[in-house]
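The form predicted on its own is given below as one chain in structure tokens.
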């Protein structure tokens, strides 16, 4: 049985009951249960709502087609979700509730490497297959029990191609300043780019982390300004990066290249900054300009993008695509397993080697999707342009003044 702290139990149960009740009613005939702890309120609410949107897009298409084929029998799918309010402890409690009380057949992990790691620890205890669509830090998968699988490629795939591109486009590039949020994914990314830059012969003139909840970056930004870097690289979540970019403008902190990860990958970042977003570069794990084909309810990238735009009136980003692919992956694994038995599904997931609208999915021994060419992007005239890889490039790097 789950163990709720007395302080939070009433509020959690009320929130969870309302959410689960509504979904259960909407999917009355469901037989396969998917559990999803989502941070629909709190600091990762923007990102979690993207997960919710695409989980339901996939769910609706599968159920409209009669459900998932399990050994020749169509079984409909039910999504049981709870809002853990962006609190890691609550995420763990609700993951355990989904497993032991709701008796779900699989978990779709929450947004972010930190919360995914917390939920995966609980899931491993119960040998519950868990699919993460928004966790790219290798540390989440380092002690994988064999039941955790992630659709994003490792963070390490982000660094070398970006450094090579920037050195090509700015031959005078010598110095880098790195500022990162002291949290699992942003910290790993900050440390990763610094290490890769040093290996590529760049001078990392500034390298610091900022605490969670930081509401003023002016001291760090002033220190960066003093180093006069050629390239500034800042990691964090959307609201961190919007604040940092505005303060950079206020303080006159400039560089020919400014990268924020994963800021420009998100529409809300560009919308929140307006003209200040122009010229900011980033990395992403997927872009709508790709043209993949494969299994699942969306045979091509174009099919997914077209349906998403019609529903949401905006372009999907990598979180949308990766999380939609989570459903495609699970359906494919169950159909190959011919069963919803957790061990058989786990084995089918481990043996995955498929193409999808999102791109290829084949797992490394640690459960992470294997490395592939990832898009390097830049905001130009308030639109996202792809600088590389060459096969999907649609613009050249624009240097800032």
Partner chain sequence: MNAMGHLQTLVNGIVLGALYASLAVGFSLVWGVLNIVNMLHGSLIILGGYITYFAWHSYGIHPLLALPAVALLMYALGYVTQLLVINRVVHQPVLVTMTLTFGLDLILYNFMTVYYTATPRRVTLDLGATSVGGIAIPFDRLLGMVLALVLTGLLYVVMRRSRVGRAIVAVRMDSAAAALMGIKVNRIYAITFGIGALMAGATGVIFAMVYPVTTNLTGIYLGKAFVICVIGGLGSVQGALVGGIVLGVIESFAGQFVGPQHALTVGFVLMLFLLVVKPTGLTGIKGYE
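Predicted model only: the values in this text are computed from it and were never measured. Positions refer to the first chain, counted from 1.
Omitted from view is the form predicted in complex with the partner chain, to which the following refers.
Under a 4.5 angstroms non-hydrogen atom cutoff, the partner chain in the model of the complex has residue 46 among its neighbouring residues. Not displayed here, the partner chain is kept clear of residue 303 by more than 4.5 Å at the level of heavy atoms in the model of the complex. When contacts are judged by a 4.5 Å heavy atom cut-off, residue 273 counts as touching the partner chain in the model of the complex. At the 4.5 Å threshold, heavy atoms of residue 352 stay clear of the partner chain in the model of the complex, well away from it.
In summary, among the residues 216, 127, 142, 101, the only one with a non-hydrogen atom within 4.5 Å of the partner chain in the model of the complex is 216. For the options 164, 195, 309, 251, the one in contact with the partner chain in the model of the complex, meaning a heavy atom within 4.5 Å, is 251. Judged by heavy atoms within 4.5 Å of the partner chain in the model of the complex, the contact stretch among the candidates 289-297, 150-158, 118-126, 265-273 is 265-273.
Residues 238, 239, 242, 243, 246, 247, 250, 251, 268 of 234-270 are found to place at least one heavy atom within 4.5 Å of the partner chain in the model of the complex.
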